[in-house]
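The chain below stands alone, shown as structure tokens; this is the form predicted alone.
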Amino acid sequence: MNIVIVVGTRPEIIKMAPVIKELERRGIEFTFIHTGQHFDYEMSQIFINELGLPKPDESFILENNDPVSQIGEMMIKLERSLERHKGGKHKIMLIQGDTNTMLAAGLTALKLGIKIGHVEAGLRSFDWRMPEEHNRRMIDHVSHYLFAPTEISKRNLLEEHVWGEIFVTGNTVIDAIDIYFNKIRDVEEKVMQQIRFERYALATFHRAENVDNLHILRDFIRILRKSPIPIVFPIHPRTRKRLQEYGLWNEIEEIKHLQITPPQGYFEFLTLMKNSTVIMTDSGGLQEEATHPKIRKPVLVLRNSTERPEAVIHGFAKVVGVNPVVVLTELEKILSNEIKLPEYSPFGDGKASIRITNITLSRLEE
């Protein structure tokens, strides 16, 4: 068992699912570890079950919440987990993205002499306020195999003179939607019966640099209040907590054309995306998912930067920040004009997991 796959958050589970499925299809054994980075461990377990993934060989619930202690705790627990499985004989660790889990996993692999394959390498926002920007740069510079989703991400890596091998593979998020899109049929009727509006914008807002800032949070509420279209808002636990701490929860509850829902499962969220008119988000992954040919929705990025410029270049997304005047003006433009979006996704053809698996197996043979 030479391959180990590490995940810690729900987006990582979704994006690694196609690689796991491909390894299983070929009968390749691997060790699967879930670090439990997010406190919603049970939700992660539900995701693993929903996506038909194997039960993790190791999973743990973290005791620390602050980033430094959390990374240290993960490294200690990962080392012990790897030692328990096959006596620490792993040769390649596959990790995905830019969370604290991925940084902890990458550093642990490096110190144990395990080669690192970084799925979704080379993304850059050039925004140093984002903890994810620190993480992804450090991970890329210690990785042996860099699976860049696009030519732009490859160029970022070349410009930084990373020493690992770079491969353009596409993004596994497109593979995931290909694999699981039919599951929408099982939940679509139930999900849409609960939505009060025929036509709506889908909004998500959770990034620390946004929701931890009272002024930005107030601007977001102004956008919701003055939106010319009803809004469905699956609320992140962090956002709910901050709204309550800042005494803003009553304000948001009073908005009549706003429907707040709990966090959604993967299939349920794809359903909401598919049936929306426009998406407003500070998420990175949604910018990719919105470009899938079976979703194809315009996105207003509620941030000052994006590490997914491909979505902007191809007309799917526009970076608008959180200034209410700017956001509402751009929202009006989308609603009053017929938006023509490409029929293809700039993030790949749905075969990224096949390419990543091929490269990983070829490097193991060497």
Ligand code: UDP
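The numbering used is simple: start at 1 and walk along the sequence shown. Please read these numbers as outputs of a predicted model, since none were measured by experiment.
Note that the form predicted together with this ligand isn't included here; everything after this is about it.
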query	finding
Segment assignment from 110-118, 259-267, 137-145, 222-230: heavy atom within 4.5 Å of this ligand in the predicted complex	259-267
Contact residue in the predicted complex, from 296, 85, 154, 206 (heavy atom within 4.5 Å of this ligand)	206
Answer option from 104, 93, 278, 286, heavy atom within 4.5 Å of this ligand in the predicted complex	286
Partner contact for residue 316 in the predicted complex: this ligand, 4.5 angstroms, heavy atom	no
Touches this ligand in the predicted complex: residue 32 (any heavy atom, 4.5 Å)	no
This ligand contact in the predicted complex: residue 355, any heavy atom under 4.5 Å	no
Non-hydrogen atom contact residue 14 with this ligand in the predicted complex at 4.5 angstroms	yes
Residues of stretch 233-250 in contact with this ligand in the predicted complex (4.5 Å, non-hydrogen atom)	234, 236
